[in-house]
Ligand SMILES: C[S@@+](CC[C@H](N)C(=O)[O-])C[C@H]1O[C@@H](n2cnc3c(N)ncnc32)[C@H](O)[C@@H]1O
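Shown next as structure tokens: one chain only, the form predicted alone.
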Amino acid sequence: MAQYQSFPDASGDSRTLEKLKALKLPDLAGRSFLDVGCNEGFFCGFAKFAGASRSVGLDRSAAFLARARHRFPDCEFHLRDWSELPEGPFDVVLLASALHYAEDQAALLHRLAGALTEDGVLILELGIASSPRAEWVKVKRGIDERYFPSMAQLTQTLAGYAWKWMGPSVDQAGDPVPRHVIHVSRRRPIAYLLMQPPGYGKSSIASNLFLPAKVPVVSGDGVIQRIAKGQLNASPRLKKLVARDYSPFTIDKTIQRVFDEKAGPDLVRLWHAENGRGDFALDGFVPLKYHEQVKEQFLLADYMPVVLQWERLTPSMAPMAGMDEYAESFNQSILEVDGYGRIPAASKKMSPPAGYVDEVQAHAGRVILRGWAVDENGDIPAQLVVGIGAERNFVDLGEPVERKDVQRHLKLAHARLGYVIDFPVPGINSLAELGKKGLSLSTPSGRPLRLAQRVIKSMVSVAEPTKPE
């Protein structure tokens, strides 16, 4: 019997060691390996040497398998043809120099791909005929005639898989066509993830790039809106988080809350459920620190996630929380008055707030203020300076009120930071009158308290006269 595979102690017709290097096998440690048409088991032996948990070979020659078992007793060998594969699945399946022997080569490729694990790879070493057409080309060899695929035919046969040409294999004496190495794996649907912040042009990219290519686009904002309206079958936890203070103008805050509260996986499931099982693009903001989590969720859902990232070319939008504070500080500066009139906002240096006025009531000559304040030591001040119009008065705060929300926000050791001030202001009987005069608060050291936006709006709106119809 002629020697085919080559070993250090037996030279054969095949340049087996060089072929092994050309195959570009993946890491085999801990993985299962199957060689279809294993001959004397050279590649099975290598797989076991490389740490494979299971190394299996099959061949129709009892003599070759006897030699294989002698050389590699730790491997598993079966006397059979490829119509009956060993029990799998396998992480790596090898078919080397044998495809042209199959009566139905396409059927064999599909059968071998079907023996792979979810992330497995089929490694083909085969001859490819030269032809511009998709065809199986009949080629005369030294001992017979066999059919070899053209590259166009191979592309057509493997259209349902993810595959890559890895390079040429080792040519051997008498080869009628050049040999090549192809790696084939199961194709997962692709999720193109556009998760940049608002204002980065995600929707423009999605509509200009993916829609013309007939790749469906899932709108992250649209999914949030439909959850809020009860139009999607979301989990109770996700519904609750989305419904809390929902507004179409603050969807980025809603998504931040969803991920911070560990409901991100629920949202990701709805995103890919919108599309079914094909390729799609997600146009939806995700906070940067959760990008890896989203990728993992798509991998678990059997997608191949592709994250698209780019730089914003126009100026970024200011953070909404910071903008709210600056806007309120500006508005507060307009209300502050000294002996010469209103102080321009630009002339005052902005400092961190000493607290907030969260609620204002005015009636029957009395003003009631509720809010919180903190001094330089992290305690509530004993007094505040209340300004109404041009007048300034020191007001004792009395017993503090628990404000755990402020404690969490400022990371303080206690929550006794809230106040309720009730003091007489003759001539002030409504918010309208208070709004016309102007209201300001500060600590005795001069650090201002800011009026909450809703307080400013309430005083300004009631102070404006109604226009005659």
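We number the residues from 1 along the sequence you see. Predicted model only: the values in this text are computed from it and were never measured.
Keep in mind that the form predicted in complex with the named molecule is not shown, yet the notes after this line are about it.
> Which listed residue (Trp310, Tyr101, Phe394, Trp165) meets the criterion of a heavy atom within 4.5 Å of the named molecule in the predicted bound form?
Replying inline: Of the listed residues, the single hit is Tyr101.
> Arg80, Lys240, Lys140, Lys289: which sits within 4.5 Å of the named molecule in the predicted bound form by any heavy atom?
Replying inline: Answer to the contact question: Arg80.
>> Within 4.5 angstroms, counting heavy atoms, which one of the listed stretches 355-363, 90-98, 379-387, 246-254 is next to the named molecule in the predicted bound form?
In response: Looking at the partner contacts, the answer comes out as 90-98.
>> Contact with the named molecule in the predicted bound form for Lys19, defined as at least one heavy atom pair within 4.5 Å: yes or no?
In response: Close contact exists here: in the predicted bound form, Lys19 approaches the named molecule to within 4.5 Å, heavy atoms only.
> So in the predicted bound form, does Gly37 come within 4.5 Å of the named molecule, heavy atom to heavy atom?
Replying inline: Residue-level check for Gly37: yes, a contact with the named molecule.
> Would Tyr419 count as a contact of the named molecule in the predicted bound form, using a 4.5 angstroms cut-off between non-hydrogen atoms?
Replying inline: Answer no; every heavy atom of Tyr419 is more than 4.5 Å from the named molecule in the predicted bound form.
>> Given that the named molecule is not shown alongside this chain, does Ser32 nevertheless sit within 4.5 Å of it in the predicted bound form, heavy atom to heavy atom?
In response: Contact with the named molecule, no.
> Listed by sequence position, which residues of 2-25 have a non-hydrogen atom within 4.5 angstroms of the named molecule in the predicted bound form?
Replying inline: The stretch 2-25, when checked against the named molecule in the predicted bound form, contributes Tyr4, Gln5, Lys19 at the 4.5 Å heavy-atom cut-off.
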